[in-house]
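Take a look at this one chain, the form predicted on its own, written out in C-alpha cells.
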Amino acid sequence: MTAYDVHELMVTRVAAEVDEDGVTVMGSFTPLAYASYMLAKLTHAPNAYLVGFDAVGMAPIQLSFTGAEAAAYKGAVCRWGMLTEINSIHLSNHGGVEAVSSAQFDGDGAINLSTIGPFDKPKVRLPGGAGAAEVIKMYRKMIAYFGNHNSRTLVDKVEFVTGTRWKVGAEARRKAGLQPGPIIVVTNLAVLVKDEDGEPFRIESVHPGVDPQMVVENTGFALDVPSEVPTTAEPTEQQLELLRNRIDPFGTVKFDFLSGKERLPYLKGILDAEWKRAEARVR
C-alpha cells in the first residue's frame, strides 16, 4: 500500500457516497468536496450527474483555483441560471449529494455558518450558509466533512442554526415528502453516521491508527460506540494515482487543512504553479 495523507482518505470516503444514478451538486469551490466528486465520476460512478458553477452535466475537471470554473463550463451539457438551478434541484427534491463543512456542527446535525457569540455583537461573523440550509435538509444524503475533529467544532449545540436536517429517520422523511437518507460526517479521525431521530451519532469507522476513545474525547456530543468499530477503508493505488496526477496535481485539497496563517503562502505557491503551467502552454 502506497503511503497516503489523511485528506486523501477523506476524499475517497466522501467519494463513496456519490451514486451512479444520482445528482451531485458542487456548490462553491471547496477543494475536498470537488476532488471527491471527480474521483467518483472517474471510478465507480461514471454516470453520476454533476452540477457546479451553474454548469449542468459536467465532465470531470482538474482542480484549479484559476481554471476550474472555465473547465466546468467547457465540458458541461448546458448552463443554467441560479434561479433555474434552485427550482430544478434544490427545491424540487432532486438533489442526491452535496458535501458541506461549517464552523460548528452538533449532535442533531445542525450547522453554524453564521456567527459565533451573540448575534448582535458576535465574536466572529461567518460567511453565512447560502444554499447550505436547503442542501442539508432536502438532499438524499447529508454529508459533512471536517479537517480537524475537535469539540470546538463538533459541539453539543451550535450557537446559531444556519441549517439543520429537520427529519432524519427514513420513514419520517418519506412522510414529509423528503428523500430518505442518513447524515454522514467524515473527519480526520473517523466516520460518524446518524440515521434515526432521537438516536445519537454512531461511530461507523475509525481511520487507521485511531482509537474510538480518541473520537469520543474530541467530540462535543454523545456518540454510540459499537462493541467492534471497523477501520475506514484506505485509498487504493488507482484512487491515489487519479487524485495526485489527474484530479489535484497542485495539491489544492490540502488548503482545507491549513490554518489561516498557512493559507496565504500556500495559495500563492499554487497560483504561481498554475501560472507557470499556463505560460508553458502558451509558449
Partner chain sequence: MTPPPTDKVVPLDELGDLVADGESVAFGGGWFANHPMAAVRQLIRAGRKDIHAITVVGSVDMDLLAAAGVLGHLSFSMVTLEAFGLAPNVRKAIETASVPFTEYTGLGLLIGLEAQGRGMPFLPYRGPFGSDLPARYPEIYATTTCPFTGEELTAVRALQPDVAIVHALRCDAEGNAQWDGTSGPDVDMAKAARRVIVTCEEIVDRSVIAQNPHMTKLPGYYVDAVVEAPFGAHPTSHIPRYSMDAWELMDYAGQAGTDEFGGYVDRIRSESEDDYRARVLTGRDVVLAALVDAAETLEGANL
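For the two forms, the rigid core is made up of the largest set of C-alpha atoms that agree within 1.5 Å on superposition. Numbering follows the first chain given and starts at 1. Computed from a predicted structure; not experimentally measured.
Heads up, the form predicted together with the partner chain isn't pictured, but that's what we're talking about next.
At the 4.5 Å threshold, heavy atoms of K141 stay clear of the partner chain in the model of the complex, well away from it. A residue is said to contact a partner when one of its heavy atoms sits within 4.5 Å of a partner heavy atom; Y49 fails this definition for the partner chain in the model of the complex, lying far away. When the partner chain is considered in the model of the complex, V161 lines it closely, a heavy atom lying within 4.5 Å. Of the heavy atoms in A33, none are within 4.5 Å of the partner chain in the model of the complex. Across the options 89-97, 202-210, 147-155, 187-195, residues that bring heavy atoms within 4.5 Å of the partner chain in the model of the complex belong to 89-97. In terms of contact with the partner chain in the model of the complex, the residue from V229, L223, L42, A233 that brings a heavy atom within 4.5 Å is L42. Taking the partner chain as it sits in the model of the complex, the stretch 213-251 comes within 4.5 angstroms of it through a non-hydrogen atom at Q238, L242, R246, I247.
In the core-superposed comparison between this form and the one not shown, the C-alpha atom of E262 has shifted by at least 2 angstroms.
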